[in-house]
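Each of two forms of one protein chain follows alone as structure tokens, named structure 1 and structure 2.
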Structure 1
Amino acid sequence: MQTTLAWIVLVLPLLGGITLVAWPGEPPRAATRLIGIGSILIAFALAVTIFVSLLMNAPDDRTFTSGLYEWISIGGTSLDLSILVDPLSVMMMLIITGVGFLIHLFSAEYMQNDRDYRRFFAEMNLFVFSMLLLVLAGNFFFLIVGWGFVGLASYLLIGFWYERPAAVAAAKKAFVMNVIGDAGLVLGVLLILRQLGTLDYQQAFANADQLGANSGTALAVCLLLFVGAAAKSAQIPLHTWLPDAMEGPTPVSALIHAATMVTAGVYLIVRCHALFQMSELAGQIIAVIGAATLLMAATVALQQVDIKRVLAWSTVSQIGYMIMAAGLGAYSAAMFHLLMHAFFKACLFLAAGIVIHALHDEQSLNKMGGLKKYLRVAYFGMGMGCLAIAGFPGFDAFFSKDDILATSLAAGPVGVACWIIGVVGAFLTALYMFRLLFRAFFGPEPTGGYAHAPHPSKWWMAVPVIILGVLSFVGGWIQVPFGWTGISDWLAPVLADVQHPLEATNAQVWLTIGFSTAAALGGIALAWWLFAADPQRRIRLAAVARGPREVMREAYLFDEAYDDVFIEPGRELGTVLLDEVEPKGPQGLITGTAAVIRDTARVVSASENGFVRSYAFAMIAGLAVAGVILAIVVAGVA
């Protein structure tokens, strides 16, 4: 039953998208909502049914596979069109369809005045289908197919407003960055096929030791897979696409960059943990990259004035926590934070969407202030999301982020270094998120006030924000205390083969709680002092550390560096090839050959004068020359 329902869950969003695309003419908006939102709601209900059915089974009896037919068989390796239903894939299904449904519901009002209403929901459904294919795939081949479809769907959604040059550029940038990751993923999978002789998950993971513990092959496999994960999850150095992707509609930002696409890299590492365990060095490299990303992105978020870009850099930072945890081997902690992040980050994006919608597409914090009295639902959602992401006691990240940090302390010297960076990141997270909250909802209104009083949202937009706001508080309580209930137990069957599971001691747990709570409260207090207690204070302090702050505002000049190292040399090379090499090389050969033939034709055509005596003379002369040649040849043979 579980696999049958999983097939239906997978197909429903695809059918919804195809129905909307194939609808003759423009369907009524009510029909578009019914199909686009209804298909995701039914998929979520079925995913809940699968979850309950697995919960009723014994932990060792929660893994099911189903193959429709053998797709291809080459050299003894067969590829089945198959899915894998286990606690990990079901958890991802619930996130994709549950949070996805709330975002679809929000979109019903947010996109109401857009001319391409049908296209929007069709592309959203395509994206949900692609993510479900990625997480339900039973082998690496269909993982790659889902991976590619996700890249395509994100390209379409980021560039949804294709009449805007910035949106088109952002879509192309996201596509190119993800293709780089796709290349790494494909090469890693081909290396797995070569070494292990299979692309089936269960067979590959069972034979992972054939890679050789800490061997060069194991390191290569892990790092190639991580290239794919880093691109999808926006980790250094493939992170620059995600902030630009905010050019898409806000619901797209919530769906792609909060709950689904950017977490695909974390899912990949956890799914392939049996392979990543074969290389301790690869895990350390991944953890260090995650830690560096979380710290870098947190400092950049401090200097952004676009409300969506603050949240975008926040996403990069929070995914850094998950990648760091997965690299260290704290797989359940990484997935726990992934779930909590889906709740509070979707809540934050949708609350920001209410603000943007109410202010007629205004996104600059410099043109906001005092919104608390106008937008109560947005204030509630933003407040709950900020408390959750900051790790305020009792809220989501207080449990999930502390779970990561406490477990990091049990991972040796690299883990301790990551713990220090994580605590600093917790302070910065509280600072930049409450900077956003105080600047947008507190303090005076912009100079001259608002041209039109910000209008509150209708229930389509309000209900998802309220639900996600509540989940931002209650979600973390499924895992209290750390380690013996909730996500850890649920994922235990998937992670049963972890060779050296990390377990934090009580001292490490309480040390982490103390430091992370102090960091969160300190960040909130500093944000209040800078941006709420005296709104003019930030202006008076504008000259402090102007240089470093400018570097942070420009995101450490990664884009500029890529332009200098890759883009401009590529353009210059293209110019040289076009202007110098092409005319004198391939094109020169063609034009030269044509010139020789043309000149020869002119010479030959000059002899065609139309006189019979000239043609007869030419024939006699030719026969004479042929005779001389023949005589010479015969004499030589004799």
Structure 2
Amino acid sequence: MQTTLAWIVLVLPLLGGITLVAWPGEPPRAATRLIGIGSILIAFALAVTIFVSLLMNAPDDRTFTSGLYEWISIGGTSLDLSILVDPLSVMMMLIITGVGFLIHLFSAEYMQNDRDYRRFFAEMNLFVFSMLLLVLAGNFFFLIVGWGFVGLASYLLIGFWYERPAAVAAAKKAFVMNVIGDAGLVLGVLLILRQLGTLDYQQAFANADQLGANSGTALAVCLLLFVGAAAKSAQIPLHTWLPDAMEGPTPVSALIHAATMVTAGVYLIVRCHALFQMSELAGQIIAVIGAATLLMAATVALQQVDIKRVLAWSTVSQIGYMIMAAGLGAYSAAMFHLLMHAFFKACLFLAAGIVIHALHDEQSLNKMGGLKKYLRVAYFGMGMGCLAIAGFPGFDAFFSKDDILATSLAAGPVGVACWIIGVVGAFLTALYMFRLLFRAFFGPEPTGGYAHAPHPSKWWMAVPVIILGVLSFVGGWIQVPFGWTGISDWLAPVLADVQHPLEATNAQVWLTIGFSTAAALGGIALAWWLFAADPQRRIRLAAVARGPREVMREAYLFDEAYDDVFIEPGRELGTVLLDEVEPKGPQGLITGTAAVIRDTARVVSASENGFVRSYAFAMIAGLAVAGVILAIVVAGVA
């Protein structure tokens, strides 16, 4: 029953998207809304049904597989079109359809004035389908299919406003970066197929020890899979596409580039934890990359003035936390933070969307200020989101981030280093998020007034923000230290084969709560002092540490370095090949061949002069020659 429902959940968004595309002419907006949002709502309702029915089963009876048919059978390996319904995939399914539904609802109003209303919903539904395929896939092959499809949907939606050159460039960049990751993922999966002889999740994970603990093969498999995860989840060094992806419409940023797709890398590591725990070194490399990313992105977020770019860098930073946790082996903590992040980051993006919509596409913090008395709903959403992401006691990230950090402390020396970076990151998170809140909603109105008089949003846009804002507060209560452990219990069947589960001691938990709360409150206080208490202070302090801040604003010059190392040499190589090699090499070969044929043809065609009499002469001469040869042969024989 669960798998049948899961198949329906998977197909519904696809059907919705196809219906929208196949609709003859331009469908009425009401019908577009109904199909686009309705298909996701029904999918969400069915996902909840699956969730409840799994809850009623015993914990060790919550894993189901269903193969629709055998797609390929070759050399003893069969490949089924199959799905895997287990607590992990159901959790992802709830996030995708639930948050997806709220964001679709928001989009109905946000995109109201766009002429490509139908295309927007069709592409959003394509995305939801692809993401569901990614998380429901029962083997690595369909994981790759879903992985590729979300990349396509992301490309289409980043470049949604294709008249803008910046949007097209950003879409292309995201696609290229993601293809690097896809290549790594495919190579990793091929290596799994070669070593373990199967692509099926459960068979591969059951036989994971055939890779050899801490062997070079295990390291290669893990790192190749991580290349895929890093590209999708925007980790160093493949992170540069995500901030540019903010060229897409804001609901797209909320759904794809905050709540769901960019966390696919975390999902991949948690899903394949049986492989990743075969290589301790790979886990440590991943944890260090995650930690480096979270710290780097948090400092960059401090210096951005575009409201969406702050949120984008904050997303990079928060996924850094999750990747760090997944690398250290704190899988349930990573998934806990993933869920909480989906709530508060979607809330922040939608609140930012209300602001941008109200100010008619104004995204610069310099043109904002004092908005709290105009945009109450956005203020509520942004406030709740900021408290949640900063880890204010009682809010979402207070529980999930502390879960990550406390578990890190139990993970040896690398874990302790990650813990320190994580606490510093928590301080920076509070600082940059409240900088955003204070600069947009507090203080004086911008000199010269707003770009457009802010108008309050309609209920379509308000309701999702309010729901997500409330979830940003109550969501974290699903797992409370010393209280109950909702997420760990739920994921226990999936994580049952973890060899060394990390358990934080009481002292480690208290230490973490103390430090992270201090960091959060310190960050909020500093942000208040810098940006809210005295609006002029920011301007007076503009000269402080100008150089380092400039580097942060330019995101540590990753883009420039990639330009210098890859793009410029590539372009120069292309110029050399075009101007020097190509005319002499391939082009010379082709024109040379053509010239030989042309000259030969000129000689031969001279005989084809069109005079019947000369043809007759040639025939008779030929006959005479043949006669002479015949005579010689006959004479010779005789």
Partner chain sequence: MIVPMSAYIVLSIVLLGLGMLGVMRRRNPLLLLLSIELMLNAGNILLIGFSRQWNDPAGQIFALVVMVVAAAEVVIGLGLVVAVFRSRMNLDVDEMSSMKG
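Under this definition, the rigid core comprises the largest set of C-alpha atoms superposing within 1.5 Å between the forms. Keep in mind that this is a model prediction, so the values were computed, not measured. Structure 1 provides the reference sequence; residues are numbered from 1 along it.
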Identity of the form predicted together with the partner chain among structures 1 and 2:
2
Superpose on the rigid core, then tell me if the C-alpha of F149 is displaced by 2 angstroms or more between structure 1 and structure 2.
no
Is the shift of A618 between structure 1 and structure 2 large enough to count as movement, that is, does its C-alpha move by 2 Å or more after the core is superposed?
yes
For H452, does the CA position differ by 2 Å or more between structure 1 and structure 2 when the superposition is done on the rigid core?
yes
